[in-house]
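One chain is shown next in structure tokens, namely the form predicted on its own.
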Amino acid sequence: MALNRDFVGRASAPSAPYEVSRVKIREFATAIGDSNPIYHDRGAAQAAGHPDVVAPPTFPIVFSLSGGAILADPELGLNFAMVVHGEQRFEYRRPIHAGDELVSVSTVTDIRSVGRNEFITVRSDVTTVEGELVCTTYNTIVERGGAG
């Protein structure tokens, strides 16, 4: 069944603040196999000009998809059993550091059919609790066979 196109433009409420910690950054970097010292060691990060440990570029995926409630809405018609990851990208204004408190708002920006598959794209704007834009994430999710 095709996804409900009325969801294009729908935005989530702001997420609860996510407190970025050195431990979470280190765990994430280890999980993705990145041994860059600025992700693991405060001194190395400071020597490179950062105030604290830096998060790897894909770190926002940990907390940014606050649109989960939108995706889980039965009115959308998304069958999670048929979902695979399509694409993700990140546009940064500045790096994420340990100590940041971040909030995200997710918006469905596109729903389209490609062959028998449905593609849904969600943009998440990640800001500090003070409102500074840190990065924007784009995630495309594919529902296999949903269009056919």
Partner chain sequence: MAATVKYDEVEIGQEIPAADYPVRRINLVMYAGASGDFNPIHWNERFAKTVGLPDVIAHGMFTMAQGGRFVTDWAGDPGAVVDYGVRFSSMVVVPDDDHGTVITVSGVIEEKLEDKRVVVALTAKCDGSRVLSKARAVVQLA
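These figures come from a predicted structure and were not determined experimentally. Positions refer to the first chain, counted from 1.
Although not depicted, the form predicted in complex with the partner chain is the subject of the following passage.
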Legend entry - the partner chain contact in the predicted bound form: Ile32, any heavy atom under 4.5 Å: yes
Legend entry - 4.5 angstroms heavy atom contact with the partner chain in the predicted bound form for Arg89: yes
Inset, instruction - With heavy atoms only and a cut-off of 4.5 Å, decide whether Lys24 touches the partner chain in the predicted bound form. - result: yes
Inset, instruction - Verify the contact flag for Val105: yes if a non-hydrogen atom of it lies within 4.5 Å of a non-hydrogen atom of the partner chain in the predicted bound form, no if not. - result: no
Legend entry - Sole residue of Gly99, Gly115, Gly49, Gly43 within 4.5 Å of the partner chain in the predicted bound form, by heavy atom: Gly49
